[in-house]
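As structure tokens, one chain now follows by itself in the form predicted alone.
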């Protein structure tokens, strides 16, 4: 990167700085304009325009290569760390043929048909959450509302017994740091290992339970696939359940929270959506585009790439795709991309990724957010967010979301 490109305010990409976490979008704007394929201090190639981001996610010359990528970053011994070994089995981090096999085992649980059938259950959970607080006149929209819905749904889908769920409702939401492009400290790795071991112990017990008493749930399905020998090892089973549990709620919590904040920061859009509830489906796409709950995804070059946005990238390099930046690229959204517009035509956010790793639960997340936000607007029409200006963001970059969002009515 040339020296002139260095902005006055320090490095072009410093994703864990408070300023960046509060509002990454001006930083993205600068990246797209000044250095659209930017090389970070860690030697990663950073793609910030829509064209390159969508290409990298879909092109077979880019893959995950997780084990080698992690060794290059942390040294040969990194796969001895339980949390890294577990993540190496995630379908999210694997390439074909492993990816194809793992995804094939769970995809049936997420078909459009099955997800549509969950609408009444989703509605019931949302109504229960509101019933629990309606007389108090105030709540934390994250903890009391956004969080409980997707956690309950993923517990339902996985077959986690009712009397085990309190632990999951109270569990901390700090796993997101594992995905950030800034290397983890030894302390962070130790903490992540401990969390991973706890989860492994819990799910191993649950697998035993489901072997003895099968249910109509995803864990029962996967335990049966594991007994099928060539389909799934125990380590793969555990890792992917941990992945589905995390992915199944983290991003949806953030979609609901970020969407509600965006609406309340744009009272004209809030009023329009209350007046025209039929706009909700398009509004969800716009929330996804406007402030994506996943800001970045990564790939590794599986061969030399001669030209990506004017740069040559050798084989084995990491390319980070800035989804949040691509979603506001004026080349694709010429009409004021930094504005929230729930009537915007042709919104096709990249927030769910693309290619073979396109989010399995995309449709489920959309429906959960749609029912949650619509019900809240209908049942608590005079709800106000206490502080729309300075909400408390979580200190992670890849998973963008709020720690708390107090509101009253």
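Positions refer to the first chain, counted from 1. Predicted model, so just to flag it, every value in this text is computed and none were measured.
Absent from the display: the form predicted in complex with a small molecule. The rest refers to it.
- Heavy atoms within 4.5 Å of the small molecule in the predicted complex belong, among the stretches 71-79, 300-308, 87-95, 200-208, to residues of 87-95.
- In the predicted complex, the small molecule lies farther than 4.5 Å from every heavy atom of residue 101.
- Contact check for residue 293: a non-hydrogen atom falls within 4.5 Å of the small molecule in the predicted complex.
- Mapping the unseen interface onto this chain, residue 353 counts among the residues with a heavy atom inside 4.5 Å of the small molecule in the predicted complex.
- Of the heavy atoms in residue 357, some are within 4.5 Å of the small molecule in the predicted complex.
- Contact with the small molecule in the predicted complex, judged by any heavy atom within 4.5 Å, is made by just one of 323, 239, 260, 283: 323.
- Proximity to the small molecule in the predicted complex, taken as a non-hydrogen atom within 4.5 angstroms, holds for one residue of 115, 149, 313, 243, which is 243.
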